[in-house]
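Given as structure tokens, the chain that follows is alone and in the form predicted on its own.
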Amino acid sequence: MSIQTLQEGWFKAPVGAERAWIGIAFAWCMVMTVAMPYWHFYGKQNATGESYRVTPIEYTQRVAKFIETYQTGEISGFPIVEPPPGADAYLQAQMWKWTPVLKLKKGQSYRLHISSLDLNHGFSIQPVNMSFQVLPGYDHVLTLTPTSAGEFSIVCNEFCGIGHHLMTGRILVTE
């Protein structure tokens, strides 16, 4: 196959319905260009928080100290940790588990630190519509205020390997 020059008059300008559809597509692109930043700042749906660089070793040490300080029990080999209201809470993502199980109080705010030790993971609280990407090397800090009591599942919504379907955790919210 060889490269050939185009023949004279090959391009035909759009007319009629084709021109209308191009205009509609362009107008929709302009609407979305304005809507996305607006929704980020005023939609109250996107989690904007702080992020800090951290090594996996440093973060593991923080989580271990957090567990040692506030552990109240154990479920299936995972520590249950109940920090005081307003405190920093730590959650660690690692193939294929979330550690520890957090026990929080309804209506109280917590600074939730999340980091991954190995791969990119997704942090999603079910059945709440919350989703966040957790990257290794970063301590992501989110302000979390539970509004209802119950048991909430944490799932990884970013494929992280063969045991991805097992990567679940828990947040227990009490009155």
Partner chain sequence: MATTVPGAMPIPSRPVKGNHSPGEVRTCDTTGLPVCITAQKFVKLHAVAAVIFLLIGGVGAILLGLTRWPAVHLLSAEWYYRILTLHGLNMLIFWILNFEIAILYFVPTTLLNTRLYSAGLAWVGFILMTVGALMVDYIIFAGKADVLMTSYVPLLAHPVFYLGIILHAVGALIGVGNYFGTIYIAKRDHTYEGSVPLVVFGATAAAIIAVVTLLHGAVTLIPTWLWSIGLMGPPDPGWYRITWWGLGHMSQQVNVCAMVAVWYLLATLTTGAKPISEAVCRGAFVLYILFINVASAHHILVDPGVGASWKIWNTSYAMYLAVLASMIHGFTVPGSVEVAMRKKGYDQGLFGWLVSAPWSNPGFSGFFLSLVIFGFGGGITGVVLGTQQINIMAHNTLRIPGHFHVTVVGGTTLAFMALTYYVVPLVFRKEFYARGLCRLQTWLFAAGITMVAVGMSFAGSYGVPRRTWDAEHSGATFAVGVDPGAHVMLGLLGVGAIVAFTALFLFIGLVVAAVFFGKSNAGKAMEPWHVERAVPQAARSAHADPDHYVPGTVVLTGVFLACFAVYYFANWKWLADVWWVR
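Computed from a predicted structure; not experimentally measured. Just so we're on the same page, rigid core means the largest C-alpha set that superposes within 1.5 Å between forms. Numbering follows the first chain given and starts at 1.
Note that the form predicted together with the partner chain isn't included here; everything after this is about it.
Contact annotation for H113: none of its heavy atoms lies within 4.5 Å of the partner chain in the predicted bound form. Although the partner is absent from this view, V101 contacts the partner chain in the predicted bound form, with a non-hydrogen atom inside 4.5 angstroms.
Shown alone here, V128 lies within 4.5 Å of the partner chain in the predicted bound form, counting heavy atoms only.
Interface membership of T60, defined by any non-hydrogen atom within 4.5 Å of the partner chain in the predicted bound form, is ruled out. Annotation for 109-145: interface residues with the partner chain in the predicted bound form are D118, L119, N120, I125, Q126, V128, N129, M130, S131, F132, Q133, L135, P136, Y138, H140, V141, L142, T143, L144, T145 [heavy atom within 4.5 Å].
The Cα position of G161 differs by less than 2 Å between this form and the one not shown after fitting on the rigid core. With the core held fixed, the Cα of I57 is displaced between this form and the one not shown by less than 2 Å. Relative to the superposed rigid core, the position of the CA of E151 differs between this form and the one not shown by less than 2 Å.
Between the C-alpha atoms of P37 and N157, a gap widened by no less than 3 Å is obtained in the predicted bound form, as opposed to the form on display.
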